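Consider the single chain below, provided in structure tokens and representing the form predicted alone.
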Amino acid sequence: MTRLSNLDLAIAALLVVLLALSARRVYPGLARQLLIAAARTAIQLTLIGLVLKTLFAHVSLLWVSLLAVLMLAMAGYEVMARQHRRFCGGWGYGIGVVSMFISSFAIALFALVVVVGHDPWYQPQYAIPLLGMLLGNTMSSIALALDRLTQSAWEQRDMIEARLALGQSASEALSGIRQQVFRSGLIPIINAMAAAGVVSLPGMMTGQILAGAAPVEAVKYQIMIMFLITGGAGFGTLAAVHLAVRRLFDERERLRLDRLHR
């Protein structure tokens, strides 16, 4: 595989800078966000590259677990930060973390022990990239679903309270919204699976091919990853929506929008 120089990376970064300059007059706030996101990408990926280099040289369950917990904590923060009306207190952070833990962590462990079957199962070469892909996609699905749920509950509060007044349960009053929310959370994953191999070549498959792997073997790994990501995103979204709906209502099934940031 051809090595990339710092000059090659600088040329690629120039595209982002040109885009930010082009968007500055029309979308000044977006231009700043683009540059900050690009800088974060470069710094974060460089740091994780150095960390992974050390982990690969010294395989340890303790260090792999610590990095996994750090990744989960950062993913939980990103879920919270993307909410327009997030829950007050620890719930704004906790719902995302708990949902990703019971979905992405469980599925990653299942894949490493049962599907991949490498010895040791916590080999960082497999464990960290797999968990990273699961967390990244699950994080996006949960963030979309929670944002849509809280915003819809806020905008349609009169309708929800009217249904409650007519004797419907909290679950019945939110049934239509929950369906839309779950669909919104899974749309990116469904689109990715539908377009894989026809419109786009997924990232892991492309990386393996560039590294010299046989295309057929790269395809097998990509199919496995896509199915694992779908399971993680789907179960994580289900868990997050379930926890969020319970938080939106009290024990007497009254809508509690005061639990959301205004």
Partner chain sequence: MFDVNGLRCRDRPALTFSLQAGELVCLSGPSGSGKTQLLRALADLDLSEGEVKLGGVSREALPAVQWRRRVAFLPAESRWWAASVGEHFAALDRQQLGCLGLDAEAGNWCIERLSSGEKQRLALLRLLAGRPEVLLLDEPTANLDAANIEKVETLIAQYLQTTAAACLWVSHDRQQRERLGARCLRMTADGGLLP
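Just so we're clear, the structure is a prediction, and the values are computed from it rather than from any experiment. Numbering follows the first chain given and starts at 1.
Heads up, the form predicted together with the partner chain isn't pictured, but that's what we're talking about next.
Interface membership of A81, defined by any non-hydrogen atom within 4.5 Å of the partner chain in the model of the complex, is ruled out. Shown alone here, E161 lies within 4.5 Å of the partner chain in the model of the complex, counting heavy atoms only. Though the partner is left out of this view, H261 does not reach within 4.5 Å of the partner chain in the model of the complex, counting heavy atoms only. Of the heavy atoms in G167, some are within 4.5 Å of the partner chain in the model of the complex. Across the options 19-27, 234-242, 247-255, 5-13, residues that bring heavy atoms within 4.5 Å of the partner chain in the model of the complex belong to 247-255.
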